[in-house]
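Before any questions on how it binds or moves, here is one chain, the form predicted on its own, in C-alpha coordinates.
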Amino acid sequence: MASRHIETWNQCLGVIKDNTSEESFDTWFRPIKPISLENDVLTIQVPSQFFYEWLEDKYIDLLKKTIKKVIGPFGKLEYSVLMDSSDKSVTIKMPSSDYVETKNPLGRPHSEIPSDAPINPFIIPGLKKLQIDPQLNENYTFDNFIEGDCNRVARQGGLEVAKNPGKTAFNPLLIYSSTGLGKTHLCHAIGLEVKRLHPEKTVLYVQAEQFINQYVTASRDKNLNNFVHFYQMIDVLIIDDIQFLAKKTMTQEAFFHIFNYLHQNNKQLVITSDKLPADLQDMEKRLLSRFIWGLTAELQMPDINTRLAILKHKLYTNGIVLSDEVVDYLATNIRTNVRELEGVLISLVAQASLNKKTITLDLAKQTIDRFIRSYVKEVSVEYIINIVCDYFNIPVDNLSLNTRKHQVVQTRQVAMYMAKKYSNASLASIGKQCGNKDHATVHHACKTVSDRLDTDKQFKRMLDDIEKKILG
(Lines give C-alpha, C1' and ligand atoms only; values in the text may rest on other atoms or scores of the structure.)
Protein backbone atom coordinates (compact mmCIF):
# COMPACT_ATOMS: atom_id res chain seq x y z
CA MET A 1 0.00 0.00 0.00
CA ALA A 2 1.38 3.39 -0.97
CA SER A 3 2.37 5.76 1.79
CA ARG A 4 0.13 8.74 2.47
CA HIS A 5 2.61 11.28 1.02
CA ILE A 6 2.84 9.30 -2.23
CA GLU A 7 -0.93 9.05 -2.55
CA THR A 8 -1.30 12.76 -1.83
CA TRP A 9 1.29 13.72 -4.44
CA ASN A 10 -0.34 11.43 -7.01
CA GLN A 11 -3.62 13.26 -6.42
CA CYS A 12 -1.79 16.55 -6.91
CA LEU A 13 -0.30 15.25 -10.16
CA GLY A 14 -3.80 14.42 -11.39
CA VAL A 15 -4.88 18.03 -10.87
CA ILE A 16 -1.66 19.46 -12.35
CA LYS A 17 -1.84 17.24 -15.43
CA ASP A 18 -5.29 18.62 -16.24
CA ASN A 19 -3.93 22.17 -16.11
CA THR A 20 -0.64 21.90 -18.02
CA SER A 21 0.54 20.70 -21.40
CA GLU A 22 1.85 17.15 -21.69
CA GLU A 23 5.35 18.42 -22.47
CA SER A 24 5.43 20.73 -19.44
CA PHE A 25 4.05 18.02 -17.20
CA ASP A 26 6.68 15.49 -18.32
CA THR A 27 9.50 18.03 -18.00
CA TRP A 28 8.70 19.74 -14.71
CA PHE A 29 6.47 17.43 -12.66
CA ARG A 30 7.27 13.80 -13.47
CA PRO A 31 10.86 14.09 -12.06
CA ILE A 32 9.53 15.27 -8.67
CA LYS A 33 9.55 12.73 -5.81
CA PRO A 34 7.30 13.01 -2.75
CA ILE A 35 9.31 12.76 0.49
CA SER A 36 6.90 13.17 3.39
CA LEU A 37 3.60 14.58 4.60
CA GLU A 38 3.53 15.90 8.15
CA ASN A 39 1.13 18.40 9.72
CA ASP A 40 -0.39 19.23 6.33
CA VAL A 41 3.07 20.05 4.94
CA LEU A 42 3.95 18.03 1.82
CA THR A 43 7.68 17.80 1.12
CA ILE A 44 8.76 17.07 -2.46
CA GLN A 45 12.24 16.54 -3.83
CA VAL A 46 13.39 18.43 -6.95
CA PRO A 47 16.63 17.78 -8.90
CA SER A 48 18.30 21.18 -8.60
CA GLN A 49 18.04 24.82 -7.59
CA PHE A 50 17.22 25.77 -11.18
CA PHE A 51 14.34 23.28 -11.15
CA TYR A 52 13.02 24.80 -7.92
CA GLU A 53 13.31 28.36 -9.24
CA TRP A 54 11.48 27.44 -12.45
CA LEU A 55 8.58 25.93 -10.49
CA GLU A 56 8.43 28.99 -8.23
CA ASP A 57 8.48 31.34 -11.19
CA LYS A 58 6.17 29.54 -13.62
CA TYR A 59 3.90 27.28 -11.58
CA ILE A 60 3.62 28.83 -8.11
CA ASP A 61 -0.08 29.66 -8.43
CA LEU A 62 -0.98 26.23 -9.79
CA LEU A 63 0.97 24.48 -7.03
CA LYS A 64 -0.61 26.53 -4.25
CA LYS A 65 -4.14 25.97 -5.53
CA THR A 66 -3.46 22.26 -6.00
CA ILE A 67 -2.07 21.84 -2.48
CA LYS A 68 -5.09 23.63 -0.99
CA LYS A 69 -7.47 21.48 -3.04
CA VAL A 70 -5.85 18.14 -2.16
CA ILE A 71 -4.62 18.69 1.41
CA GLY A 72 -6.98 21.39 2.60
CA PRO A 73 -6.95 25.10 3.45
CA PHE A 74 -3.93 24.72 5.74
CA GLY A 75 -1.90 22.71 3.27
CA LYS A 76 1.62 23.84 2.52
CA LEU A 77 4.45 22.75 0.29
CA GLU A 78 8.12 22.29 1.12
CA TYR A 79 10.95 21.60 -1.30
CA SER A 80 13.95 19.36 -0.80
CA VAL A 81 16.47 20.60 -3.34
CA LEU A 82 19.28 18.28 -4.40
CA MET A 83 22.58 20.14 -4.65
CA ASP A 84 25.08 18.90 -7.25
CA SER A 85 24.72 15.14 -7.75
CA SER A 86 25.30 14.16 -4.14
CA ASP A 87 22.80 12.83 -1.65
CA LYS A 88 22.84 16.08 0.29
CA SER A 89 19.80 18.32 -0.01
CA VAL A 90 18.67 21.68 1.26
CA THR A 91 15.08 22.32 2.35
CA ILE A 92 13.23 25.39 1.12
CA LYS A 93 9.68 26.27 2.10
CA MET A 94 7.22 27.68 -0.38
CA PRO A 95 5.22 30.63 0.95
CA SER A 96 1.83 29.75 2.34
CA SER A 97 -1.33 31.60 1.24
CA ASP A 98 -0.95 33.80 4.31
CA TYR A 99 2.00 35.56 2.66
CA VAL A 100 0.69 36.18 -0.83
CA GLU A 101 1.71 39.84 -0.83
CA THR A 102 5.40 39.14 -0.30
CA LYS A 103 7.06 36.12 -1.85
CA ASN A 104 9.14 34.38 0.80
CA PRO A 105 10.24 30.96 -0.41
CA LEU A 106 12.49 30.63 2.60
CA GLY A 107 9.32 29.95 4.56
CA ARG A 108 10.32 32.22 7.44
CA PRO A 109 7.73 34.36 9.26
CA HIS A 110 7.98 38.02 8.34
CA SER A 111 9.01 38.86 11.88
CA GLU A 112 12.29 36.99 11.32
CA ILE A 113 13.23 39.12 8.31
CA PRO A 114 14.71 42.57 8.98
CA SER A 115 12.36 45.18 7.59
CA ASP A 116 15.21 46.92 5.76
CA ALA A 117 16.65 43.75 4.21
CA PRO A 118 15.56 42.90 0.67
CA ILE A 119 14.18 39.39 0.28
CA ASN A 120 16.10 37.33 -2.24
CA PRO A 121 14.00 34.36 -3.40
CA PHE A 122 17.04 32.69 -4.95
CA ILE A 123 19.15 32.37 -1.80
CA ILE A 124 19.08 28.87 -0.36
CA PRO A 125 20.18 28.30 3.27
CA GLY A 126 23.32 26.23 3.50
CA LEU A 127 24.41 26.86 -0.08
CA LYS A 128 28.19 27.16 -0.25
CA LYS A 129 30.16 29.35 -2.62
CA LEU A 130 31.60 27.43 -5.55
CA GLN A 131 35.36 27.14 -5.76
CA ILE A 132 36.18 26.84 -9.45
CA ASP A 133 39.05 27.49 -11.78
CA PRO A 134 38.29 30.79 -13.58
CA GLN A 135 40.32 29.60 -16.62
CA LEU A 136 42.09 32.95 -16.90
CA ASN A 137 45.48 33.54 -18.53
CA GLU A 138 47.60 35.54 -16.09
CA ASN A 139 49.57 37.09 -18.97
CA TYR A 140 46.56 38.88 -20.46
CA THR A 141 46.20 41.93 -18.24
CA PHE A 142 45.04 45.50 -18.71
CA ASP A 143 48.64 46.63 -18.19
CA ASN A 144 49.78 44.98 -21.41
CA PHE A 145 46.61 45.73 -23.38
CA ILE A 146 47.76 48.84 -25.21
CA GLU A 147 45.05 51.47 -25.52
CA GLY A 148 44.45 53.43 -28.69
CA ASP A 149 41.62 55.02 -30.65
CA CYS A 150 40.88 51.58 -32.10
CA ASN A 151 39.97 50.00 -28.76
CA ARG A 152 39.44 52.79 -26.23
CA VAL A 153 35.69 52.31 -25.78
CA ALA A 154 36.00 48.55 -25.29
CA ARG A 155 38.97 48.84 -22.93
CA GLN A 156 37.40 51.56 -20.79
CA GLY A 157 34.11 49.68 -20.74
CA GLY A 158 35.97 46.58 -19.60
CA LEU A 159 37.64 48.50 -16.78
CA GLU A 160 34.31 49.87 -15.56
CA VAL A 161 32.84 46.37 -15.58
CA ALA A 162 35.81 45.03 -13.63
CA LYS A 163 35.47 47.75 -11.00
CA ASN A 164 31.72 47.25 -10.50
CA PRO A 165 30.66 43.92 -12.03
CA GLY A 166 26.92 43.72 -12.54
CA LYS A 167 26.37 47.24 -11.24
CA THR A 168 26.94 49.34 -14.35
CA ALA A 169 24.86 49.93 -17.46
CA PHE A 170 27.43 47.82 -19.33
CA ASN A 171 25.67 44.51 -18.74
CA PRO A 172 26.15 42.63 -20.89
CA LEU A 173 29.41 43.98 -22.28
CA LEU A 174 29.62 42.71 -25.86
CA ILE A 175 32.95 43.09 -27.64
CA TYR A 176 33.12 42.35 -31.35
CA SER A 177 35.86 42.43 -33.99
CA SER A 178 37.65 40.41 -36.59
CA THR A 179 40.19 37.85 -35.44
CA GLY A 180 43.46 38.88 -33.84
CA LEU A 181 42.44 42.31 -32.54
CA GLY A 182 42.41 41.53 -28.82
CA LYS A 183 38.96 40.22 -27.85
CA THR A 184 40.33 37.27 -25.91
CA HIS A 185 43.05 39.37 -24.27
CA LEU A 186 40.48 41.88 -23.08
CA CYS A 187 38.23 39.12 -21.73
CA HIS A 188 41.03 37.70 -19.59
CA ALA A 189 42.04 41.19 -18.48
CA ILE A 190 38.50 41.87 -17.24
CA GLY A 191 38.36 38.57 -15.40
CA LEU A 192 41.77 39.07 -13.76
CA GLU A 193 40.90 42.59 -12.69
CA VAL A 194 37.62 41.41 -11.14
CA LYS A 195 39.52 38.76 -9.17
CA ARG A 196 42.02 41.38 -8.00
CA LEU A 197 39.41 43.94 -6.93
CA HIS A 198 36.70 41.48 -5.80
CA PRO A 199 38.37 38.24 -4.68
CA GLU A 200 35.05 37.00 -3.31
CA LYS A 201 33.49 36.95 -6.79
CA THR A 202 33.21 33.73 -8.77
CA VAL A 203 34.62 34.43 -12.24
CA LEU A 204 34.58 32.03 -15.18
CA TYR A 205 36.02 32.45 -18.68
CA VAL A 206 34.73 29.88 -21.15
CA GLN A 207 34.97 29.55 -24.90
CA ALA A 208 31.64 29.04 -26.64
CA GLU A 209 32.82 25.73 -28.11
CA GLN A 210 33.64 24.48 -24.61
CA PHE A 211 30.20 25.58 -23.43
CA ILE A 212 28.60 23.66 -26.31
CA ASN A 213 30.59 20.50 -25.53
CA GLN A 214 29.58 20.72 -21.88
CA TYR A 215 25.94 21.07 -22.87
CA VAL A 216 26.14 18.03 -25.15
CA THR A 217 27.70 15.97 -22.35
CA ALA A 218 25.11 17.13 -19.81
CA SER A 219 22.30 16.35 -22.25
CA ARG A 220 23.68 12.89 -22.93
CA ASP A 221 24.04 12.19 -19.21
CA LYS A 222 20.58 13.62 -18.47
CA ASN A 223 22.20 16.21 -16.24
CA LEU A 224 21.02 19.47 -17.84
CA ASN A 225 19.56 20.88 -14.64
CA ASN A 226 22.93 20.68 -12.90
CA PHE A 227 24.61 22.15 -15.99
CA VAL A 228 22.33 25.21 -15.95
CA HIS A 229 22.51 25.46 -12.16
CA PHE A 230 26.32 25.49 -12.25
CA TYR A 231 26.41 28.46 -14.61
CA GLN A 232 23.78 30.30 -12.59
CA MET A 233 26.20 30.29 -9.66
CA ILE A 234 28.77 32.44 -11.52
CA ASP A 235 29.16 36.11 -10.56
CA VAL A 236 31.06 37.15 -13.72
CA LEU A 237 30.52 34.92 -16.76
CA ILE A 238 32.75 35.56 -19.79
CA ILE A 239 31.75 33.76 -23.02
CA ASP A 240 34.26 34.03 -25.88
CA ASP A 241 33.19 33.68 -29.55
CA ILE A 242 29.45 33.47 -28.99
CA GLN A 243 28.93 33.14 -32.76
CA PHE A 244 29.68 29.41 -32.44
CA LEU A 245 26.27 28.97 -30.80
CA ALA A 246 24.73 29.57 -34.24
CA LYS A 247 22.36 26.74 -35.27
CA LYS A 248 22.75 25.15 -31.80
CA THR A 249 19.10 25.65 -30.91
CA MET A 250 19.00 23.70 -27.66
CA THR A 251 22.31 25.13 -26.45
CA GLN A 252 20.97 28.62 -27.14
CA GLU A 253 17.88 27.72 -25.11
CA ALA A 254 20.03 26.76 -22.11
CA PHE A 255 22.17 29.88 -22.48
CA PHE A 256 19.02 32.01 -22.68
CA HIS A 257 17.90 30.82 -19.24
CA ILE A 258 21.41 31.26 -17.83
CA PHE A 259 21.64 34.77 -19.29
CA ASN A 260 18.25 35.77 -17.87
CA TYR A 261 19.00 34.47 -14.41
CA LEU A 262 22.41 36.14 -14.18
CA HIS A 263 21.21 39.45 -15.59
CA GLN A 264 18.15 39.58 -13.33
CA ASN A 265 20.36 38.92 -10.32
CA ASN A 266 22.89 41.65 -11.23
CA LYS A 267 25.59 39.22 -12.25
CA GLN A 268 27.97 40.41 -14.96
CA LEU A 269 28.06 38.98 -18.48
CA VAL A 270 30.88 39.61 -20.94
CA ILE A 271 30.42 38.28 -24.47
CA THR A 272 32.63 38.40 -27.56
CA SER A 273 31.69 37.91 -31.17
CA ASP A 274 33.26 38.26 -34.59
CA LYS A 275 30.29 40.35 -35.75
CA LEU A 276 27.71 42.82 -34.56
CA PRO A 277 24.71 41.05 -32.99
CA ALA A 278 22.57 42.17 -35.94
CA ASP A 279 24.93 40.36 -38.31
CA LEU A 280 24.94 37.04 -36.45
CA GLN A 281 23.12 34.37 -38.41
CA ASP A 282 21.05 31.47 -37.03
CA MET A 283 20.76 32.93 -33.54
CA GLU A 284 17.49 33.32 -31.66
CA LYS A 285 16.12 36.86 -31.86
CA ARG A 286 15.42 36.93 -28.14
CA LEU A 287 19.12 36.26 -27.48
CA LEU A 288 20.27 38.86 -29.99
CA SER A 289 17.98 41.46 -28.41
CA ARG A 290 19.52 40.75 -25.00
CA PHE A 291 23.07 41.03 -26.32
CA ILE A 292 22.53 44.74 -26.98
CA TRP A 293 21.00 45.55 -23.58
CA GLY A 294 24.33 46.87 -22.33
CA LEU A 295 27.42 48.21 -24.09
CA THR A 296 28.39 46.96 -27.55
CA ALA A 297 31.98 47.93 -28.35
CA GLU A 298 34.08 47.27 -31.44
CA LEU A 299 37.80 46.56 -31.56
CA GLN A 300 39.06 48.10 -34.79
CA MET A 301 42.30 47.75 -36.71
CA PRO A 302 45.04 49.54 -34.75
CA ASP A 303 46.33 52.75 -36.30
CA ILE A 304 50.04 53.42 -36.81
CA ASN A 305 50.53 55.01 -33.38
CA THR A 306 48.89 52.09 -31.60
CA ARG A 307 50.95 49.59 -33.61
CA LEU A 308 54.13 51.42 -32.64
CA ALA A 309 53.10 51.41 -28.97
CA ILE A 310 52.34 47.67 -29.10
CA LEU A 311 55.71 46.87 -30.68
CA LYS A 312 57.65 49.01 -28.23
CA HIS A 313 55.86 47.43 -25.29
CA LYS A 314 56.64 43.95 -26.62
CA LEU A 315 60.28 44.84 -27.14
CA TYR A 316 60.59 46.33 -23.66
CA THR A 317 58.93 43.44 -21.83
CA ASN A 318 61.02 40.86 -23.72
CA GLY A 319 64.30 42.75 -23.45
CA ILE A 320 64.71 43.09 -27.22
CA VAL A 321 66.52 46.04 -28.77
CA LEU A 322 65.64 47.16 -32.30
CA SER A 323 66.49 50.33 -34.15
CA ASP A 324 63.75 52.90 -34.60
CA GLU A 325 63.81 52.45 -38.38
CA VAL A 326 63.12 48.71 -38.05
CA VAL A 327 60.29 49.30 -35.57
CA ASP A 328 58.79 51.98 -37.82
CA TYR A 329 59.03 49.66 -40.82
CA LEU A 330 57.22 46.86 -39.01
CA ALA A 331 54.49 49.14 -37.69
CA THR A 332 53.98 50.78 -41.07
CA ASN A 333 53.78 47.61 -43.13
CA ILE A 334 52.09 45.03 -40.90
CA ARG A 335 48.50 46.27 -40.73
CA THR A 336 46.44 43.08 -40.62
CA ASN A 337 45.96 42.64 -36.88
CA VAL A 338 47.76 42.67 -33.56
CA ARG A 339 48.33 38.92 -33.57
CA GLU A 340 50.11 39.06 -36.93
CA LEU A 341 52.16 42.05 -35.80
CA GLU A 342 53.38 40.16 -32.74
CA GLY A 343 53.93 37.02 -34.80
CA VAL A 344 56.13 38.77 -37.34
CA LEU A 345 58.19 40.33 -34.56
CA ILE A 346 58.75 36.93 -32.93
CA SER A 347 59.68 35.36 -36.28
CA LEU A 348 62.13 38.14 -37.03
CA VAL A 349 63.84 37.86 -33.65
CA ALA A 350 63.98 34.06 -33.91
CA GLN A 351 65.49 34.14 -37.39
CA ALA A 352 68.15 36.67 -36.34
CA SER A 353 68.99 34.58 -33.26
CA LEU A 354 69.25 31.27 -35.12
CA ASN A 355 71.34 32.74 -37.92
CA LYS A 356 73.34 34.91 -35.54
CA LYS A 357 72.53 38.03 -37.51
CA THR A 358 71.87 41.58 -36.41
CA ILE A 359 68.31 42.72 -37.05
CA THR A 360 68.79 45.35 -39.69
CA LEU A 361 66.23 47.07 -41.86
CA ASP A 362 67.25 44.89 -44.80
CA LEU A 363 66.73 41.72 -42.76
CA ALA A 364 63.35 42.99 -41.62
CA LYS A 365 62.36 43.69 -45.23
CA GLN A 366 63.51 40.26 -46.37
CA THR A 367 61.69 38.52 -43.54
CA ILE A 368 58.31 40.13 -43.96
CA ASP A 369 58.27 41.08 -47.65
CA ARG A 370 56.29 37.99 -48.61
CA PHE A 371 53.91 38.49 -45.72
CA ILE A 372 53.35 42.14 -46.68
CA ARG A 373 52.55 41.28 -50.30
CA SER A 374 49.97 38.76 -49.13
CA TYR A 375 48.20 40.72 -46.45
CA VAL A 376 48.92 44.41 -46.19
CA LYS A 377 46.38 45.51 -48.78
CA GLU A 378 43.68 43.16 -47.54
CA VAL A 379 42.87 44.99 -44.39
CA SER A 380 42.75 48.66 -45.25
CA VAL A 381 39.23 49.83 -46.06
CA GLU A 382 40.65 53.26 -46.80
CA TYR A 383 43.01 51.78 -49.39
CA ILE A 384 40.16 49.89 -51.07
CA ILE A 385 37.95 52.98 -51.16
CA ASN A 386 40.74 55.01 -52.80
CA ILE A 387 41.28 52.31 -55.45
CA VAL A 388 37.56 52.03 -56.27
CA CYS A 389 36.95 55.80 -56.35
CA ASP A 390 40.01 56.30 -58.55
CA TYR A 391 38.74 53.60 -60.94
CA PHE A 392 35.34 55.26 -61.30
CA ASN A 393 36.88 58.76 -61.25
CA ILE A 394 34.76 59.76 -58.23
CA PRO A 395 36.17 61.92 -55.39
CA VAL A 396 36.20 59.99 -52.10
CA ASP A 397 34.21 62.78 -50.42
CA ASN A 398 31.33 62.15 -52.84
CA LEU A 399 30.57 58.85 -51.12
CA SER A 400 29.11 60.88 -48.26
CA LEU A 401 26.69 62.72 -50.54
CA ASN A 402 22.99 62.00 -50.12
CA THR A 403 22.38 61.41 -53.81
CA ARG A 404 20.86 58.74 -56.05
CA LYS A 405 23.20 59.41 -58.98
CA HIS A 406 24.03 56.03 -60.47
CA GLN A 407 27.77 56.64 -60.65
CA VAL A 408 28.05 57.58 -56.95
CA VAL A 409 25.73 54.81 -55.75
CA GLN A 410 27.57 52.19 -57.84
CA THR A 411 30.96 53.36 -56.61
CA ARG A 412 29.85 53.24 -53.00
CA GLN A 413 28.32 49.76 -53.40
CA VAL A 414 31.41 48.36 -55.10
CA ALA A 415 33.64 49.87 -52.42
CA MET A 416 31.51 48.24 -49.71
CA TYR A 417 31.56 44.90 -51.53
CA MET A 418 35.34 44.94 -51.99
CA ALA A 419 35.93 46.09 -48.41
CA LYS A 420 33.84 43.22 -47.10
CA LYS A 421 35.64 40.74 -49.34
CA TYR A 422 39.22 41.87 -48.80
CA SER A 423 39.29 43.45 -45.36
CA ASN A 424 38.73 42.20 -41.84
CA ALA A 425 36.58 45.20 -40.94
CA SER A 426 33.04 44.75 -39.65
CA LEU A 427 30.04 45.84 -41.71
CA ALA A 428 29.50 48.74 -39.31
CA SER A 429 33.08 49.92 -39.76
CA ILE A 430 32.88 49.60 -43.55
CA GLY A 431 29.63 51.56 -43.63
CA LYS A 432 31.08 54.30 -41.47
CA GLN A 433 34.04 54.74 -43.85
CA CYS A 434 31.89 54.50 -46.97
CA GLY A 435 29.77 57.60 -46.49
CA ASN A 436 28.78 57.06 -42.86
CA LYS A 437 26.21 54.36 -43.71
CA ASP A 438 24.89 51.67 -41.36
CA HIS A 439 25.63 47.94 -41.50
CA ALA A 440 22.26 47.19 -43.15
CA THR A 441 23.19 49.42 -46.09
CA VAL A 442 26.49 47.56 -46.46
CA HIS A 443 24.71 44.23 -46.38
CA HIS A 444 22.27 45.40 -49.07
CA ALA A 445 25.10 46.78 -51.22
CA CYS A 446 27.04 43.51 -51.06
CA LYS A 447 23.98 41.52 -52.06
CA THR A 448 23.23 43.92 -54.94
CA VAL A 449 26.77 43.63 -56.31
CA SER A 450 26.82 39.86 -55.85
CA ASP A 451 23.52 39.44 -57.71
CA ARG A 452 24.70 41.66 -60.55
CA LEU A 453 27.91 39.66 -60.93
CA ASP A 454 25.85 36.60 -61.77
CA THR A 455 24.05 38.29 -64.67
CA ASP A 456 26.25 41.13 -65.97
CA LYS A 457 29.46 39.96 -67.67
CA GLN A 458 30.71 43.48 -68.37
CA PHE A 459 30.20 44.42 -64.71
CA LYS A 460 32.11 41.29 -63.69
CA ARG A 461 35.06 42.20 -65.93
CA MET A 462 35.07 45.66 -64.39
CA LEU A 463 35.24 44.24 -60.86
CA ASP A 464 37.99 41.84 -61.93
CA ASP A 465 40.04 44.88 -62.97
CA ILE A 466 39.41 46.58 -59.63
CA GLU A 467 40.41 43.41 -57.75
CA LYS A 468 43.71 43.27 -59.61
CA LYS A 469 44.45 46.85 -58.60
CA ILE A 470 43.56 46.12 -54.96
CA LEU A 471 45.77 43.02 -54.82
CA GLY A 472 48.57 44.72 -56.71
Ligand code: ADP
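Please read all numbers here as calculations on a predicted model, not as lab measurements. All residue numbers are counted from 1 along the displayed sequence.
Another form, the form predicted together with adenosine-5'-diphosphate (ADP), is not on view; read the next lines as being about it.
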Residue among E209, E342, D390, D282 with a heavy atom within 4.5 Å of adenosine-5'-diphosphate (ADP) in the model of the complex: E342
With the partner omitted here, the residue among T202, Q252, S178, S380 that in the model of the complex has a heavy atom within 4.5 Å of adenosine-5'-diphosphate (ADP) is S178
Can you tell me which of 290-298, 229-237, 193-201, 306-314 lies within 4.5 Å of adenosine-5'-diphosphate (ADP) in the model of the complex, counting heavy atoms only? 306-314
If we define contact as a non-hydrogen atom of the residue within 4.5 angstroms of the partner, is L82 a contact of adenosine-5'-diphosphate (ADP) in the model of the complex? no
Is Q268 part of the interface with adenosine-5'-diphosphate (ADP) in the model of the complex - any heavy atom within 4.5 Å? no
Is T184 a contact residue for adenosine-5'-diphosphate (ADP) in the model of the complex, using a 4.5 Å heavy atom cut-off? yes
Contact flag, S400 vs adenosine-5'-diphosphate (ADP) in the model of the complex, heavy atom cut 4.5 Å: no
